[in-house]
Structure formats: structure tokens, C-alpha cells
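Below, in C-alpha cells: the form predicted on its own, a single chain.
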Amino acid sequence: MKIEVLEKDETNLRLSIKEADVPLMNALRRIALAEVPSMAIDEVVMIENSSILQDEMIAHRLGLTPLKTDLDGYNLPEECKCQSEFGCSLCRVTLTMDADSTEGTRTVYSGELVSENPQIIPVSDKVPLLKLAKGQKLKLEAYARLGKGKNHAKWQPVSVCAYKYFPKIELLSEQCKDCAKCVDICPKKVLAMKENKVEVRDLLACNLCMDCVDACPQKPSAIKVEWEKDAFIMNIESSGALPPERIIQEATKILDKQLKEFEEQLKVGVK
């Protein structure tokens, strides 16, 4: 399998993967969504809440606030040695909030959460949680734990994880009359006119919609759009909890572990 990084920044990763197949790509996608752990607020103790929102609504908003995750420093609750429903310093992080309004209505943001671990903090300090009117107060303790997306969406480390076939576009110059209809209709601006000739401007942007093929007045069409059977483009957009490259690395480790467990079960079944 050949992997090439096409784009990469703090939250986005775009890969070209060749010599692979659909089952493998879909397995990695599903594992990234459902199996790779991340940190999220799982329990909230309300000490004082005089805002207009109910306790449950505030707890729900806190749970869906992405937190930066340290996979190496914390254990999943079910795998932690403490085996306590309350957790310990190896499987739980405490965050507190003490917000009030003294001069009028104001918005309480995620940046007002104070964590006992400076590394486990909201991905963004600008996530609005609620509004407090003058004289209202919110005081709470929140407990964050590692979890998996298959149990709740708040533990999904990705906001987008998708793949598509690697496109292949062929322009039949002997048939093309340079009418530019395929260029104008393409929603992704994959094609362009250069020196009165149609050329491929951005191949990777093609989503195989075939609009350009349908728009061509020539019969048969002067443009041929296909895809490579064993090549894919994978896009991973992290919620900010983990770097996107760490997410795909963890997904491959989990897949390898699951395959080994499956192999062992097959051996036991044969015996």
C-alpha cells in the first residue's frame, strides 16, 4: 500500500492511498469514527445554577464541547486499574466553572472552564455555553473521561472522515471542439481553458459527478471520467481533540488488534 500526504494542518489531513480496497478503507473510516478514544465531559455536578437553562441542558452542551486529549496519559475507564465508578487520576480529569453576571446579560464561554490538567482543556475557548442575566450564577464541577464514538457522539475525535475513489480524467483531443461547456458546468472547477484548449486544472477536486460528460455535445463524449479501482483519497477532519495523523495511526493499531483477535478466535474454533 502506498500512502502520500496531499494536505496537512493542525486539524485536517488529506491522503492519497493506493493499492488498497474498499473494505480496508471503510474499516479505517468506521474505526476512526467509532473506536478511536477521545476525552469528553461525562458527568457534571451542579453546585449552583440560577440561569434560564436546566442542569441537563448545560451538561449536554459541556459534553459536546471538544477537549484536547492525552491518549498516553489516561486510560479508558473500563481498562483502568482503579475499577472505580468515580475514577482516579489516571482515568478522570476534573474541570470547574464559577461564573456569574454582575453588570447585565453576558455569555459564558468554554474558556471559563478551569482544568486540573493544563493539557486537558477545551479545543476552543470561544464555544458559547449559555447566557447569564444580571444576578444569575453558574457553579459546577465536571468530570471528563476517555470514551468511544460508538457509545456517544461526544467521544468522536473527528468531525469528518470520508474517502472517495481517485479520479481519472481523459480528454480526447481529436474529438474535443473546445466549446468549454464541460468547463462551465463543473461545480468543482476541475477543468479550465488554456490557449483555447480544455485541460485538467485540479484533478483531486473531482467528485465523479459526470456533469462534464453529460454536458459535452459530442457523441461519444470527448471527455472520459473514470476512477482507479485500487486508489482512494481520504479526508480526515479532527474535532481538535487529537491531531488528524494520530487518529489514523490509532485507527490502524485498533484494526490490527481486532484482526489478531479474530485470527485467534478462528484458531480456537478450528481446534
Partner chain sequence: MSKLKVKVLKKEANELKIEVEGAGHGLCNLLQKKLLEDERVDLAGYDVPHPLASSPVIYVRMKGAAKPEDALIKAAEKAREMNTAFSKELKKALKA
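Positions refer to the first chain, counted from 1. Bear in mind that the values here come from a model prediction, so they are computed numbers and not experimental data.
Keep in mind that the form predicted together with the partner chain is missing from the display, and what follows is about it.
- In the model of the complex, at least one heavy atom of residue 19 sits within 4.5 Å of the partner chain.
- Of the heavy atoms in residue 103, none are within 4.5 Å of the partner chain in the model of the complex.
- The closest non-hydrogen atom of residue 139 lies beyond 4.5 Å of the partner chain in the model of the complex.
- Looking at residue 245, you'd find a heavy atom of it within 4.5 angstroms of the partner chain in the model of the complex.
- With the partner chain omitted here, the record of contacts in the model of the complex names 27-35 of 27-35, 44-52, 64-72, 198-206, defined by a heavy atom within 4.5 Å.
- Though the partner chain is absent from this view, in the model of the complex it lies within 4.5 Å of a heavy atom of just one residue from 79, 116, 178, 98, which is 79.
- Proximity to the partner chain in the model of the complex holds for none of 159, 165 and 168, with the criterion being a heavy atom within 4.5 Å.
- Of the residues in 245-264, those that come within 4.5 Å of the partner chain in the model of the complex through at least one heavy atom are, in sequence order, 245, 248, 249, 252, 255, 256, 257, 258, 259, 260, 261, 262, 263.
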